[in-house]
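Heads up, the chain below is alone and in the form predicted alone; it's given as structure tokens.
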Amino acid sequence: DMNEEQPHVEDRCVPWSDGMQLLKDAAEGKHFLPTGLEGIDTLLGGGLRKGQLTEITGQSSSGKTQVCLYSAAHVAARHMGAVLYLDTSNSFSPSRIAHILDELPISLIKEPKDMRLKRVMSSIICESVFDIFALFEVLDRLEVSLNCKVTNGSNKICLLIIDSVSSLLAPIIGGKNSQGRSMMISVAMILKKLAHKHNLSVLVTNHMVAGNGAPKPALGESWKAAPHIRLMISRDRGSNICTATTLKHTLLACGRHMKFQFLPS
């Protein structure tokens, strides 16, 4: 069986780091980007960890895209860098970003609303990506761009969002298609390498599928090893109140959960 010969994601790692480098990263570079959702940021110890891949999973209409839009808006609004938003299902909403910005505390961003909106929108680069080959092409262009911008000090991308990664990967891994599975593992490798090498936060969304007794994140056991952090969100019926639960975390206990709330649409 060719599938058995394919290594898991965790077997193909980023380069070795010695203890002093890891300590330096922890103290300096590998900090957090805020999602702007207090419950999620508290649960994650500060927000989306730079240098790592974070996955948001949940059922349909649980708020996965909302988390992505909040994260993009808050990172850009707080002058933290540019955001590359890869939209796989036409779910990016500029009007929702504008609404989120309108609710930011005045003390946080001291500039006129129209200027802030123009600055934030110009810091979010949205690109539609509808298949795995387009994703590989965009990630290759991103790598080239990040390598070039190391020296020129322009507004560097600090957050990469893929909403949703499962809509690109699920169609290619059905049945005994080992090539599709290899491509999925390659995506995971590239995302983790980009995060590590360029100190990005990478945020992806994943849908859920039927499991034994309860829904579970899609994409199977091979992908399960890919994210450093996996967060499941669920929405209380008929409300904007949601619950986030840690399914996987490199530093914090799993099973912890926090409530958070979206602004009314």
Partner chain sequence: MLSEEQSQKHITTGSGDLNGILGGGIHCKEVTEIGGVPGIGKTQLGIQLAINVQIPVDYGGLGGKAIYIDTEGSFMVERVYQIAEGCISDIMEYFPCHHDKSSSGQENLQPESFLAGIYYFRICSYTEQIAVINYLEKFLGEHKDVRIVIIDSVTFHFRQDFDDLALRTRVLCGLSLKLMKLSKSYNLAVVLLNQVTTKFTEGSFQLTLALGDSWSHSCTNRLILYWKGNERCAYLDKSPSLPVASTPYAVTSKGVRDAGSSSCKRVRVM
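Numbering follows the first chain given and starts at 1. What you are looking at is a predicted structure, and each value in this text was computed from that prediction instead of being measured.
Beyond what is shown, the protein has a form predicted together with its partner chain; the following relates to that form.
A.B. asks: Where does its partner chain sit in the predicted complex: which of 64-72, 192-200, 45-53, 226-234, heavy atoms within 4.5 Å?
C.D. replies: Careful reading of the contacts points to 64-72.
A.B. asks: Report whether the minimum heavy atom distance between Ser128 and its partner chain in the predicted complex is within 4.5 Å.
C.D. replies: Looking in the predicted complex, residue contacts with its partner chain include Ser128, since a heavy atom lies within 4.5 Å.
A.B. asks: Please check if Arg96 has a heavy atom lying within 4.5 Å of any heavy atom of its partner chain in the predicted complex.
C.D. replies: Yes, Arg96 is a contact residue.
A.B. asks: Given that its partner chain is not shown alongside this chain, does Ser60 nevertheless sit within 4.5 Å of it in the predicted complex, heavy atom to heavy atom?
C.D. replies: Looking in the predicted complex, residue contacts with its partner chain include Ser60, since a heavy atom lies within 4.5 Å.
A.B. asks: I'd like to know whether Ile173 contacts its partner chain in the predicted complex, with contact meaning heavy atoms within 4.5 angstroms.
C.D. replies: Contact check for Ile173: yes, within 4.5 Å of its partner chain in the predicted complex.
A.B. asks: Report the residue, out of Leu168, Val120, Leu160, Ala188, that has at least one non-hydrogen atom within 4.5 angstroms of its partner chain in the predicted complex.
C.D. replies: In short, Leu168.
A.B. asks: Suppose contact means any heavy atom within 4.5 Å; which members of 197-220 contact its partner chain in the predicted complex?
C.D. replies: Going through 197-220 in order - heavy atoms within 4.5 Å of its partner chain in the predicted complex - the hits are His207, Met208, Val209, Ala210.
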